[in-house]
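Take a look at this single chain in structure tokens; it is the form predicted alone.
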């Protein structure tokens, strides 16, 4: 296999060529990435993406866990200081560099290790980034929660991408029946680079996972990732997605409600400015009776930034008694800012309740007039309105410290906007 791998020319293969050549699955995935190429932006699912601008030649290969200090991002330490945690995990450029599990929780059955996290079976053909992940991903973070174990303290995962690195970040969380856990992921970067996260959740019967992912990448970094969840009978997935950084940040979520009474709650909040584009694709599969999904995404776009939201609720023939709700609301602050919102329904059973809604609008003129009439200057009025706009989503974030950090980051963006005008 080593000789045949020479047929594959990839910008950041570097010293990984020998390793890839010795692993047929990795070598095959690398070839598939080359053959597939970057996604075609004429295709509907990539139409609003600037992915053609991604400079693969500028990405730096990472062959081992970097000995790199993790910078303290604004607001993170102050909000997590003093919190009792079940475990802390550090990931740099996709490599797990430390795992610290509190002795008490380890004894009770909380197991965290660095192991391979593979791409699950997908309904559609793998794309370029899926192939890259399979070819280059190191061992990821694997969290196992024993049946009946309720982990009351959060598990913190601090992930960082160094300058111009290609980082492939795997996370798998498995919850045994009737167990509970809380996971908070916080990702930052130093500029440039590409992050490809692959997150897989498996919830056993009656389990409950509270999860929040906060992305605060530098504006020149890129991210294209997936979150794939399987939720068994009477289990509940409560997931929050917060995004503030990146030149282009794209996340596709697939939530499969596979058992009677399964529930999936997905709450998102995002704020992009400059030339950023934040792109969410959500798919909620109701494949069993009496399942519930509740999605709320709220975003603000400023300057020349844009956001994309595409959602699909699919009620399968077996999904009688399902309840599904999908809402995406966007506020435009800049005249050149834009937001594209397309919620969809596919219903194959008549005994269901479903709704979807989306809005893209400037700041509410009635709210602005009310504040102006009471002497509040226009720029301050917009700040108050936008901060209030996000509260509906932030109050529902499964991880409270993440919501507090998000409020501070929103405030920072509004401060920057006020100072530049």
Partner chain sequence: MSELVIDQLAVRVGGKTILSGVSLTVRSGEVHAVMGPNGAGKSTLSNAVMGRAGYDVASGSMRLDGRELLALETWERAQAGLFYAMQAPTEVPGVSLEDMLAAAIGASGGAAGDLGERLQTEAAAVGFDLALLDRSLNVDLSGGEKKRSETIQMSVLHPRIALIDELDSGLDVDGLRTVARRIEQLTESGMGVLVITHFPRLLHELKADQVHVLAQGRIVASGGPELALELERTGYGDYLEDEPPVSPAASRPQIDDPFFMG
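Residue numbers count along the first chain shown, from 1. This is a predicted model, so every value here is computed, not measured.
The same protein also exists as the form predicted in complex with the partner chain; that form is not shown, yet it is the one meant from here on.
In the predicted bound form, the partner chain lies within 4.5 Å of some heavy atom of residue 373. Mapping the unseen interface onto this chain, residue 384 counts among the residues with a heavy atom inside 4.5 Å of the partner chain in the predicted bound form. By the criterion of a heavy atom within 4.5 Å, residue 37 is excluded from the residues contacting the partner chain in the predicted bound form. Contact between residue 391 and the partner chain in the predicted bound form is found at the 4.5 Å heavy atom cutoff.
The stretch from 57-65, 44-52, 362-370, 25-33 that comes within 4.5 Å of the partner chain in the predicted bound form, counting heavy atoms only, is 362-370. This chain is drawn without the partner chain; in the predicted bound form, the residue among 256, 172, 341, 236 with a heavy atom within 4.5 Å of it is 341.
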